[in-house]
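As structure tokens, one chain now follows by itself in the form predicted on its own.
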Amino acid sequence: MPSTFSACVERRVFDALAAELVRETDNCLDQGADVLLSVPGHPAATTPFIGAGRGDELVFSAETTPEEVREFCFGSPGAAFGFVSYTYGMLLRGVTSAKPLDFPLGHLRKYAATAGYDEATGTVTMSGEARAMDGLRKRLARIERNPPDADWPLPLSAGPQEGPELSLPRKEYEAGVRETLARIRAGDVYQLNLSTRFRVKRPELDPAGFFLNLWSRRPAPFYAWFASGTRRVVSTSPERFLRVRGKEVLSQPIKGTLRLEDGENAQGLAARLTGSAKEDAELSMIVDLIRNDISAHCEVGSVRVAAHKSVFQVDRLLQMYSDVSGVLRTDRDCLDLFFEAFPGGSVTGCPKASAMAVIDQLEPHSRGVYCGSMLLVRGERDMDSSVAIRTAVCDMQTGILEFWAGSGIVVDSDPASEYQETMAKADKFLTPEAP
């Protein structure tokens, strides 16, 4: 019998519950939980979520249709959480690839019990099957009686420190940028996101500890932990793809990045970012693409752009973004919107399908979950999703950790600068011990 439960607790108690369940996931797939954490007050902050006790699952193949995803999400009660890969987005856009991929094209899960945290009221709300709910409530009560120390969650665990193998090392990456510039001048695309994959063997790596330490040191709006077979997805994205609340639609594309060095004035660097014609062009092109992507499922004349070229700080980086909003048509649901716009234009370039085809030619690796989306669907008009950048995948069986980073290329891009920007974005995983 489904039931619900609400209580006022400190945020750190909710986070400690999430951490405890994440730790258990590494020990037993039938225990633990999938988790979405977020930073209060951030422009792209989302509602933290815990999904505990495994229920139905939908593992995507090339034959999985958006209609099947809709039936999974809306055909039974409860929230659905998981990922949709960039590679599935290629299929949606009619872009084929011969590259092998041994990872699901998407994976969504429902749960015996879920918990969410309302930052405004300090309330945790649980729902689900009575037995699973009872287990979560007892855990929460125990943690509340013995709250974690102020320096929670954990001391730093091992992460990649040296020797990652790059699919596009510096020389090859800069050559890829030059080829992209040639494609832009030829008229094939007018912006393109080029990425490289980092691969490192770390059999001693504790994925759960890695995730929790990154969260404690470098939090961001969309921190997701998801178990898929022997893999653990560790997503630390700062970027919202699409949110639907009732009729309100919001996308917050990021374009424009500068690294904030020690002692540097953030305000001055932000002015340099917003004053850059190149960064302006990057963001404006993608904002226009997102406007087009959501317009088909929004009320005519409702799509707006606000806070254009706003700046926030995350991962020792300054990032520029805009708010693109609209009003969802009464005859459409959140997944209509999601699949029309997927994958996000900030990780493809534009025109979208042409850019994706060129990306597949220039990148020797498959992106998989990277540049896809971590997706939480609570109802037909209740969804939030990230652009899955700053994302890693840990294989528990092989000890291989993979992560990716890239940059947006426009006609006045400099190959050396684009490589440096890519490395700055990978820094979170390359030097997880850094403050």
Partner chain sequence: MRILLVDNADSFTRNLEHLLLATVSGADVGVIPYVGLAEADPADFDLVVISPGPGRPEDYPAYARVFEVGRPVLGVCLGMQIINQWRGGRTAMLPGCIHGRAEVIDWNGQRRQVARYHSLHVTEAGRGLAVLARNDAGVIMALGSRTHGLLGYQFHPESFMTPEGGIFVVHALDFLGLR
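Positions refer to the first chain, counted from 1. Small disclaimer: the values here were computed from a predicted structure and weren't measured.
Note that the form predicted in complex with its partner chain isn't included here; everything after this is about it.
Contact with its partner chain in the predicted bound form, defined as any heavy atom within 4.5 Å, is confined among 179-187, 258-266, 232-240, 67-75 to 179-187.
Contact annotation for Gly301: at least one heavy atom lies within 4.5 Å of its partner chain in the predicted bound form. Taking the partner from elsewhere, Ser295 is found to have a heavy atom lying within 4.5 Å of its partner chain in the predicted bound form. Pro164 falls outside the set of residues with a heavy atom inside 4.5 Å of its partner chain in the predicted bound form.
A residue is said to contact a partner when one of its heavy atoms sits within 4.5 Å of a partner heavy atom; Asp412 meets this definition for its partner chain in the predicted bound form. Using a 4.5 Å heavy atom cutoff, none of Glu20, Arg131 and Arg142 lies near its partner chain in the predicted bound form. The partner is absent here, but in the predicted bound form a heavy atom of Leu289, alone among Leu214, Leu289, Ala224, Val244, sits within 4.5 Å of its partner chain. A single residue from the set Ala281, Ala270, Leu362, Val95 has any heavy atom within 4.5 angstroms of its partner chain in the predicted bound form; that residue is Ala281. Contacts between stretch 344-379 and its partner chain, counted in the predicted bound form as any heavy atom lying within 4.5 Å, involve Cys350, Pro351, Lys352, Ser354, listed in sequence order.
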